[in-house]
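Let's start with one chain on its own, the form predicted alone, as structure tokens.
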Amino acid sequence: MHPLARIDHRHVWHPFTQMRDWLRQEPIVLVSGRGATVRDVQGRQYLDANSSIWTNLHGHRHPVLDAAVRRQLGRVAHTSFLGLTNAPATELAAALVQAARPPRSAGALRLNKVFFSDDGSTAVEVALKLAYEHARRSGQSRKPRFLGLRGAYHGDTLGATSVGHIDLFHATYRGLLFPTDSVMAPYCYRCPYNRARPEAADARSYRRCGWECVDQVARRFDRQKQRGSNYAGFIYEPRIQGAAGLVPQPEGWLGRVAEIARSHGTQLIADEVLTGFGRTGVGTARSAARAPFFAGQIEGVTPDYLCLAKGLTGGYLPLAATLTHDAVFGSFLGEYGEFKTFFHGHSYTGNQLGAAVANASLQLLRGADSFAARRQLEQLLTEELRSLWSLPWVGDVRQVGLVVGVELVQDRATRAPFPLTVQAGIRVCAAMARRGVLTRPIGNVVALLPPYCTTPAQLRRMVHTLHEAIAETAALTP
């Protein structure tokens, strides 16, 4: 075993990892990367098929991003944002406001205020605190309460955990959390209202239903109103839920439920930590100038709060942002002695290194080359994924832009899932790693989220390796 692996086993506690299993095998110790590939201490090369947990947009060691970090290091790495400001963060705030501009329509909200933090959890935490206090101060809700989707994950801080609804992650901490409500998410493949028989296609494409999932949302809002207080906020991931199992929403769902929430005076909180910065596709755009940055823009829904992290810096450094509008900002304006200040902050708020590389990443996303590459990868990915339907273990293949979830099942005809103890997803991903492709499962769902720099040959290899790994694992399973 490599000396670094021994040190890891001796001292390191990894997130979302059963450490007893971890200690039974030698870990992959990564030491370098370039483009869509990474290399370990043994010299073995791998394709990074989940963009280093959904963060690395443009690939590793991108020359433009590397140069942005070096330039900023030549000036200063970090100074406080409390009572001070700096150039990179100020420029980034303006760029994010521009990127988040809504479609041209009368009365559309304009997200023009940016609060920086550290990661996806803190971006959500900021939104929850702002929404809570704005609802209280504006009189929108006497007893502010939040509504989320079942299967939702929004981070691991206590506020973000409170609005998450995955018992496996959250039930243990229920005694620490504030109460929130949940409502069914549109999981077409496993929806109890979907009357369609399983087909070899994305379940959204052949579903037979009457939008009962939307009716459930409407009834939940009506019940809350009957209790005498509307919800302060409705939090969601637009277009696709990540940790729920990469569960995509049928087209039109978000617009319908957003209209219901608005009719009840409820603020919309969009968690675009995963979905932001082009990850869910180019939409109908034909040029980089019109390409959407955010999933909500594709659906035509502008939230009151837009939570960003992960790909914000192109996967280089931790940085997050929460965008909101003038009405919320105004709730916190007053004379000093009124103490209406937003008393929340982070030591590394507005960090110059993170902001500098984020500015460079946004410039790359605006480029014609990046737009063309993403559009080509989306189309090629759709074509390559068709090969997976020949495998009996494949129950659903769902793609939203450059996000793919492949759900493994015991029986396609009945949609019978594997017990989590079988570790079907974990075993398939281990078989992929042995073949030089790295990704991470979500239960029985194998994720593919390639970096935008992935070549057609590399993309084909990712999907082909997944095909081989599923077939091998199935053959070894009684």
Ligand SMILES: Cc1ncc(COP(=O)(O)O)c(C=O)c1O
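Note that the structure is predicted; figures quoted are calculated from it, not measured. Numbering starts at 1 and follows the sequence shown.
Although it is not shown, the form predicted together with this ligand is what the next lines describe.
Only one listed stretch (271-279, 330-338, 174-182, 223-231) carries heavy atoms within 4.5 Å of this ligand in the predicted complex, and that stretch is 271-279. Although the partner is absent here, Pro186 lies well away from this ligand in the predicted complex, with no heavy atom inside 4.5 Å. Among heavy atoms of Glu125, none comes within 4.5 Å of this ligand in the predicted complex. This ligand in the predicted complex comes within 4.5 Å of no heavy atom belonging to Arg239. Heavy atoms of Trp54 reach within 4.5 Å of this ligand in the predicted complex, making it an interface residue.
Screening Pro144, Gly155, Gly401, Pro88 for any heavy atom within 4.5 Å of this ligand in the predicted complex leaves a single hit, Gly155. Residue in contact with this ligand in the predicted complex (any heavy atom within 4.5 Å), chosen from Gly120, Gly314, Gly405, Gly350: Gly120.
Using a 4.5 Å cut-off on any heavy atom, the one residue of 282-310 that reaches this ligand in the predicted complex is Lys310.
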